[in-house]
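Encoded as C-alpha cells, the following chain is the form predicted on its own, with no partner shown.
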Amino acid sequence: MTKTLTYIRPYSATAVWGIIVKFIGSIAELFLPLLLDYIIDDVVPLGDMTAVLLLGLAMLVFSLVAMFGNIIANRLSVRAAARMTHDLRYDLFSRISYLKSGQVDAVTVPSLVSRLTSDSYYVNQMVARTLRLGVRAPILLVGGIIMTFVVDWRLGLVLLACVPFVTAAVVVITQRSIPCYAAKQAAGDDMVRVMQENITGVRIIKALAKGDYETRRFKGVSDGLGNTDFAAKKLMSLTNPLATLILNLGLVAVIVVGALCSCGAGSVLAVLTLFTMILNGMLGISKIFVVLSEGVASASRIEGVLDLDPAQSVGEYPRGDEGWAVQFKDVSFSYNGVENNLQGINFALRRGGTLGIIGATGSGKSTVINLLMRFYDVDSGAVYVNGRDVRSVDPAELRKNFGVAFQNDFLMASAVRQNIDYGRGLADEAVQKAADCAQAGQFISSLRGGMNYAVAQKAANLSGGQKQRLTVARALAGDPAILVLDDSSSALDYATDAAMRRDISLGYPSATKIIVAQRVSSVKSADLILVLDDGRQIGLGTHEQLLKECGEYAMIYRAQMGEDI
C-alpha cells in the first residue's frame, strides 16, 4: 500500500488544494444550522425583517461556498487520482513487459491483465473518493458534534452517545470485508482467464460446436465472481442501515430531550439538521471503508508485481569454444522443478550453419529456443552463443543477435510495413528484401495499399500462411546473426516452405539458422539435425546419418514422405 501511495506525490499540490477547498466548503456547510438556530430563536421573535434578510443572504453565501467548494474540490481530487493512476498503470505495464518468463508463469497472464485493469481502477477509486470524502465526512462528523454542543450541550451529549456504536459497527464490518474483496479479485482472475481462452480459441469452439459447453464454463466462473462480490457487498451493505438506525434512534432521543428540557424550536431544528449532516458524515466514512477495502486488496496485488525483480543476473561463467555460433553442453532444465523437460542436450553449430530440430509435440523443441534466448535459465549445463555463456551476457545485448518467428506469433493492428519493421526504423530495401525472402512480397503487392495495407486486430484479415510469412519477414528484416524459425512454416504448403528456405539461404548466407519443425522436409537439408523425444536427445547428425542411425527419425521420414529408405 505504501509504494502505491507514493504515486500521488507528484500531484500532491493538486490534492492539497482539493483538500483545502473541500475543508472550506465543509466548514461553510456547518455554519448553516447555527444561522438557522439564531434566526428562529433570536431574530424572528424581535420582528427585525432586515436582520432576517441579511442573515438569510448570509446563509445563501455559505450555501454557495459549500456547493462550489465541493464541485471544485471534487474535480481536483479526480484530476490527481487520474494522473496518479496513469503513472501507476504505466509502471505496472512496464514491469510486466520485462518480467522473466518464470515470473509470468507464476503470476499467470489473466492475473496480470486483471491487475493492470480492474485493480488499478479500484486504486483510482480509493484515492479519488478518499480525497473527496476523506475531508468532508470527518468534518461533518466531528464538526457536527461540536456544533451540536454549541447549539445545546444537552442535545450534544445525546448525539455523542451514538457515535461509539456507529464506529464499532463500521470497523467490525470493514475488517471482515477485506478478505472477501481479495477473494473477489482472485475470482476475477479466473473469469479473465476463461474469457481470454474463449476469445483466442473462438474458431475451434465454433468448429467443434462447443459454444454451449463454453457458455456453461463461463457461467461457472462468472457465478463464482458474482457470489464472492455479493458476499462482500452483502457484508458492507450492513454499514449504512446500522449507522442510520443508530443515528435515527439518537434523533428520536434528541426530540425527547429537547421537549423535556424545553429547548427552543430553533435549537431542535438546528440539531436535527446537524444530525442529518452527521449521518452523511458517517455514511461517507463507511463508503471510504468500502473503497479502502477494495483499494487495499488491489494495491497489494499491484505491489506484488511491482516488487518483482525482472532483471536477470549477469555473472562470470567459463567461456566456451568461440568457433561455435551456438553450443549446448550437457543441458538439463525443468519448468516446474520436479520433472525434467530437457535432459542431457549436447550439440554445437558453426556460424552460418543450419540446425534443424524435430520431434513429437511436447518433446522439448521450443524449450531449446527458450534456453538459447535465455527466457529461462538452465538447471545444469551451459548454453553458449559465440563462445559466451548466455548467463554472462546482458539479455538485451544477447537478444540483439536474434531474429525470431514463432508459430503463434502476434501481429499488430497496423500497416504491413510497420509490422515488419516493428519500430526499428529499417530502410525500405531491407523490409522489401525480407518480405521477398519470406515469400510474402507477392501477396503483399496484391493487397490494397501494398505495404500500407492495414492489418486488422489479431490479423483477422490475413490467412494463416500470410501471417506466418509476415512474422518470418519481421525476423529477417533486421539481418540477424542467428535466425530462429520455431515451427513458423506449419501453415505453408511444401513448395512455399521450400522456396522460403532456399531464398533465406541465398539472401542471408551469413546468418546462423535454427529451424524447429514437425516436417522432415523442412529440416532434411540442414547441416545438423537434432531429434528430441520427451526431452531427451535421441539423434544428432545429418539427414543421411539419421536415416541410418536413428530409428525414430527414419520412422518419421517414412510416415511423412511415404518412401522406403
Ligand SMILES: Nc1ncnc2c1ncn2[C@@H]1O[C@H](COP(=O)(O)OP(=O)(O)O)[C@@H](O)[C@H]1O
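So that there is no doubt, residue numbering starts at 1 and follows the sequence shown. All values derive from a computational prediction rather than experimental measurement.
Quick note: we don't show the form predicted in complex with the ligand, though the next part is all about it.
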#### Entry: Whether Phe406, Phe443 and Asn461 all lie within 4.5 angstroms of the ligand in the predicted bound form by heavy atom
no
#### Entry: Listed residue that, although the ligand is not shown, lies within 4.5 Å of it in the predicted bound form (heavy atoms), from Thr228, Ser118, Ser366, Gln125
Ser366
## Note on the structure
With the partner omitted here, the residue among Tyr98, Phe218, Tyr453, Tyr335 that in the predicted bound form has a heavy atom within 4.5 Å of the ligand is Tyr335
## Note on the structure
Exactly one listed stretch (141 to 149, 366 to 374, 165 to 173, 110 to 118) reaches within 4.5 angstroms of the ligand in the predicted bound form by non-hydrogen atoms, and it is 366 to 374
### Query
So, in the predicted bound form, is Ala360 in contact with the ligand at a 4.5 angstroms heavy atom limit?
yes
### Query
Is Asn74 close enough to the ligand in the predicted bound form to count, meaning some heavy atom within 4.5 Å?
no
### Query
Should Asn341 be classed as touching the ligand in the predicted bound form when contacts are defined as heavy atoms within 4.5 Å?
yes
### Query
Is there a non-hydrogen atom of Asp105 within 4.5 angstroms of a non-hydrogen atom of the ligand in the predicted bound form?
yes
### Query
Taking heavy atoms and a 4.5 Å limit, what residues of 33 to 65 are near the ligand in the predicted bound form?
none
